[in-house]
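Only one chain is included here, represented as structure tokens and corresponding to the form predicted alone.
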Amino acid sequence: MLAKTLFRTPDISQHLRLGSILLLPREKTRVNMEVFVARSRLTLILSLLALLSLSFRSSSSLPSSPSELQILTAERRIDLASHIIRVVLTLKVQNDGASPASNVLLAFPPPQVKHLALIQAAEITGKKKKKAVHPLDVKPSDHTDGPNGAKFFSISLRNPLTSGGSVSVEVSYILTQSLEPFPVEISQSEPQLVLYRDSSSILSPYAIKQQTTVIRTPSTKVESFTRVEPSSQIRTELKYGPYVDQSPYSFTPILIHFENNNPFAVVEELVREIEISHWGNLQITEHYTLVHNGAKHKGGFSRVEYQSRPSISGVSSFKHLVAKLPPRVHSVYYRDNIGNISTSHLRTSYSKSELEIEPRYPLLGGWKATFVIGYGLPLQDFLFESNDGKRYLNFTFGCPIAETVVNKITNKVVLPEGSKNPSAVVPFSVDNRAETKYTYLDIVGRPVVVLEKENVVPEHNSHFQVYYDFHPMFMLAEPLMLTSVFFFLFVAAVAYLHMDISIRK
């Protein structure tokens, strides 16, 4: 009976433990669901904040959205007269957005960005005689690439463009090594044909209401060109357009095959050393590595044919080069590794000096030549003193030879010994570093300011300045050193003559 009673009356604690065991997973599931929901909400909030921050950064890096602006008229003029391509782009931009726009974007395809040597922009106000040009700042944009890898440059306007307002902007840029010789190799008697690739429509992140492109070739000898209607050829000009209502990023490839016998003069490397002497002279030494970058020469070379038929034989070769030197130049020399080259002519005047040089041998396609040009200049024409007492050199940066492309130029400004705190001011971006040079009678060496730049064109031939501190007492260092040496030699000689070193008494 006791056993039945115990069996029929179960322990309450067992039921409680069983109930707790049964209820605990439900509580865990409910708690886990609440934690999961809370975490999901937190993740969603953080994601929204990240998207808002990203959109804010994008809007701050791109003040004027492409959809807010449109181009009413666009005219592009491309000059293919030489191997340096010069392009002038005239735009009339209108703001259709609600907020003011402070920047205008320019788009370039990747091949052109690679060969872009210089880009400038200006705002045009007034018309005809009252026309005024106001330079604008142009720099690469950090905006993400456009379709097909298009790169952007940003033009900063003088004043923000208000809603409904318009502004006229003129952009000029230069492309180098963008003409492809075709055929790649030619004989001595063949003309030089080249290919130019571009688009009939202007690449832009904005919609263009009306646009026109005019391409000028060096002669009327155009073998072929891509026709995109409406297009026409009038003597040395190819005209594409006018095209209306072009959508953003419109790009229609064109190919122009034409004759260009201008010498493709490319200086692979130019090293210029400018040595300052406070005794009144400025010595310039320029080392050139020159190459003809046009269609490569094939077959033999006949000098008899070259000289007897100059209008047919070697028409794209270098016959002579002209270097524009500063006025009042003196002590000019032109030589190579063999020695002096006598085929040069110097013409001087009060305002300019021109050195006409001829290579030791004709330069046909693919041929190279190395030579050195040196000259002296009066120091007072190039060295000045600033208001704060610093001295500064004012000299030109680029290559003096006309219509040449310099792959790499190095300007070395050698300052007098004892100069301190050198600094350079250049109107465009360059690589700057410092060196030390030792010459005759130097003790601590002369500071050297080195300025380097790649892809240089004639438009880079502008002035730059190198500032430095110099105490006039350092000018007496070398004369005192020489005087001391001669004095001690004289004293030693006198002492030797009056000294009795004999062993007899």
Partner chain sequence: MKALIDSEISRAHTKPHIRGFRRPLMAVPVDGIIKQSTPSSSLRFAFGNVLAFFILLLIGVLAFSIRLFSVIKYESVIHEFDPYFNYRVTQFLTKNGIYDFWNWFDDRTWYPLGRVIGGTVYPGLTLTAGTIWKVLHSLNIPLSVETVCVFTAPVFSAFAAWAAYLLTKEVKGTGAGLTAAVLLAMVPSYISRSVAGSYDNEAVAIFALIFTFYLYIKTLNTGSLFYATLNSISYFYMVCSWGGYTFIINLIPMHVLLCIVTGRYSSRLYIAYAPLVVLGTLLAALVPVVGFNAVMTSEHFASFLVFIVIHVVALAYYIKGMLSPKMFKVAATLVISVGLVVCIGVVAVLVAVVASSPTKGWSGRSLSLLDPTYASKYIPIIASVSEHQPPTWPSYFMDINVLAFLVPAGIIACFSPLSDASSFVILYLVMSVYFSGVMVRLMLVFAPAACIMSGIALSEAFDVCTRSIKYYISKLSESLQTDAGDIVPGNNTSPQSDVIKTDKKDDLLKERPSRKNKKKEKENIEKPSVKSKTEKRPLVLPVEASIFALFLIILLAAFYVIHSVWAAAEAYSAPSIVLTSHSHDGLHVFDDFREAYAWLSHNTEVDDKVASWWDYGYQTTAMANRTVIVDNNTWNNTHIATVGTAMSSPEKDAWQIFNSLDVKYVLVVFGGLVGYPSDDINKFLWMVRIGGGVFPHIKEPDYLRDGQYRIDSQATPTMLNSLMYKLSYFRFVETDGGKGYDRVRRTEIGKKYFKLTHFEEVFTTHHWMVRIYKLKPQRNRIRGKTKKSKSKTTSATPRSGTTKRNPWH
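This structure is a prediction, so every number in the text was calculated from the model and none was measured. Numbering follows the first chain given and starts at 1.
Omitted here: the form predicted in complex with its partner chain. The next part is about that form.
Considering its partner chain in the predicted bound form, the lone stretch of 431-439, 125-133, 156-164, 379-387 in range is 431-439 [heavy atom distance within 4.5 Å]. Its partner chain is not drawn, but in the predicted bound form it has a heavy atom within 4.5 Å of Ser302. Remark: Lys420 does not count among the residues lining its partner chain in the predicted bound form, judged by a heavy atom distance of 4.5 Å or less. Of the heavy atoms in Ala369, some are within 4.5 Å of its partner chain in the predicted bound form. For Thr220, no non-hydrogen atom is located within 4.5 Å of its partner chain in the predicted bound form, even though that partner is not displayed. Distance criterion of 4.5 Å from any heavy atom to its partner chain in the predicted bound form singles out Arg335 from the list Lys92, Arg197, Arg216, Arg335. When its partner chain is considered in the predicted bound form, only one residue from Pro147, Gly339, Pro183, Pro427 comes within 4.5 Å through any heavy atom, namely Gly339.
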